[in-house]
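In the form predicted alone, a lone chain appears below as C-alpha cells.
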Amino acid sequence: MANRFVLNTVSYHGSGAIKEIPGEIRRRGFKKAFVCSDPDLVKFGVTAKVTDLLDEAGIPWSLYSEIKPNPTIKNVQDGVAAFKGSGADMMVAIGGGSSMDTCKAIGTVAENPEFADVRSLEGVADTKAHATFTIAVPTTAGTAAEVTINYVITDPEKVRKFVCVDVNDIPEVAVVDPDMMASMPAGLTAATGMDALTHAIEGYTTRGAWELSDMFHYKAIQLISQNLRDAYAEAKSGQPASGREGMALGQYVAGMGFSNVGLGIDHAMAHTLSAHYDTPHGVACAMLLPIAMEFNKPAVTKRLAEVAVAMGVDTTGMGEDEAADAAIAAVRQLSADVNIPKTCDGLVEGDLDRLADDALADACYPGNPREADHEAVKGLFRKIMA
C-alpha cells in the first residue's frame, strides 16, 4: 500500500512573512482577493496587517467576516454567495481554525457546486476540482488548518460537527508569521497550543503513523513542549518571550503530519463537546488528552515512552511502561501550567449516550490505535464531568 503525503506548494515562516503575500498574488496573475477573517480580528486591526499590504500593492479586495467560532453550514453558504458576488479570483484566509475552515469550505463549494448543501462534503468527498486558490495566514498557534487537508463544519440542526477530508481543500500557500499571533490572549494561547500538542501526540500514535509522519510529530512534540509555557507567559504579561515563534513553527509541523495520517479518539470526543456545549476546541482536546493517552496506552506503550523523551522527560532507568506513564504525567503538568480546566461545564450523565454515539461516528475515531466500544467512550467522558 502506498502512503500519501500532501503539503502546501509554498510556505513562508518567520517574523514579517506576511510581506510575501502581495508578491505571491501578483506573480500568479490574480486580480482581486476575497478575504475571510473573523469579526474580532477585523475589529482589533489584525486583519488590517494583511489588507494594508494589499492596499499598498494596489491589489483590490473584499471582506467576508460572517464567521462564527464554530462555523456553520449557513456561514459557508453565505460565504459562497459573497465570493461569487465579489468578483474576486482568489482567497486570503486570516485567522484561526474557524476562518480557515470556513474559507476552505467556501473555496471547495465555489469550484464544486454540486456540494452546495455542504453536508455532502462530510468524510472523504469526491470533489473533482481544487478549491479556489488560497493563501492561508494563521493568527493562532494550534489548528494548523493552513497546512491540512481537512476542515470542520457545525450542523446546528443536528447538533453535531462533521469533519471533511479532501486533498483538494489544502491552501496552496501558507504564511506562518508569529507577529500575526501576538494579539492572542493567554487563554487562547494555552488552548490552541494544547490543541497542537494533541495533534502531535495523536498523530504519533494513530494507526496510520509511519516514518515520514513520525519525523514531523516527534519534532512538533519537542517544539511545543519547549515553547508553550513561554508563549503563555508572554501572553499573560505582554512582555516579549521566546515561545511565540517556536509555537508558530511547532503547530505547523504537527499539521504537516496529522493531516496525512489522521488522529484518534481525543479529537472525535472533542468535536462532540464543541457541538453540544460550545466548548472551545483546544480546551476540549486538552482536557481529554491525558485520558485518551491512558486509554490507548496498552496499544502504544512504546510510542508513549518515546513521547516522554520528546517532552524532555528524563527516562533514564525507566521501563517502557513507566516512561509511558511519565508522558501522561508530563501532559497533565503542562495543561496545569497553562491553566487548562479539568472538567467540562454542562456535561451530565444523561448526555453520555448521545455523546458516545457521535464520537464513535466521527471521522477521527477510526485512526485511534485501540478499539473503544460505546460504554468505554462513556467512561472516558465521565472523567471530565464536574
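Numbering starts at 1 and runs along the sequence shown. Note that the structure is predicted; figures quoted are calculated from it, not measured.
There is another form of the same protein, the form predicted together with a small molecule; it is not shown, and what comes next is about it.
Contact with the small molecule in the predicted bound form, defined as a heavy atom within 4.5 Å, holds for exactly one of Leu223, Val261, Val152, Ala248, namely Val152. Checked against the small molecule in the predicted bound form, the candidates Ser98, Asn227, Thr205, Ser213 yield a single residue with a heavy atom inside 4.5 Å, and that residue is Ser98. Mapping the unseen interface onto this chain, Met181 counts among the residues with a heavy atom inside 4.5 Å of the small molecule in the predicted bound form. Although the partner is absent here, Pro71 sits close enough that one of its heavy atoms falls within 4.5 Å of the small molecule in the predicted bound form. The small molecule in the predicted bound form is not approached by Asp358, whose heavy atoms all lie more than 4.5 angstroms from it.
Using a 4.5 angstroms limit between non-hydrogen atoms, Thr198 is distant from the small molecule in the predicted bound form.
Only one listed stretch (181-189, 299-307, 119-127, 74-82) carries heavy atoms within 4.5 Å of the small molecule in the predicted bound form, and that stretch is 181-189.
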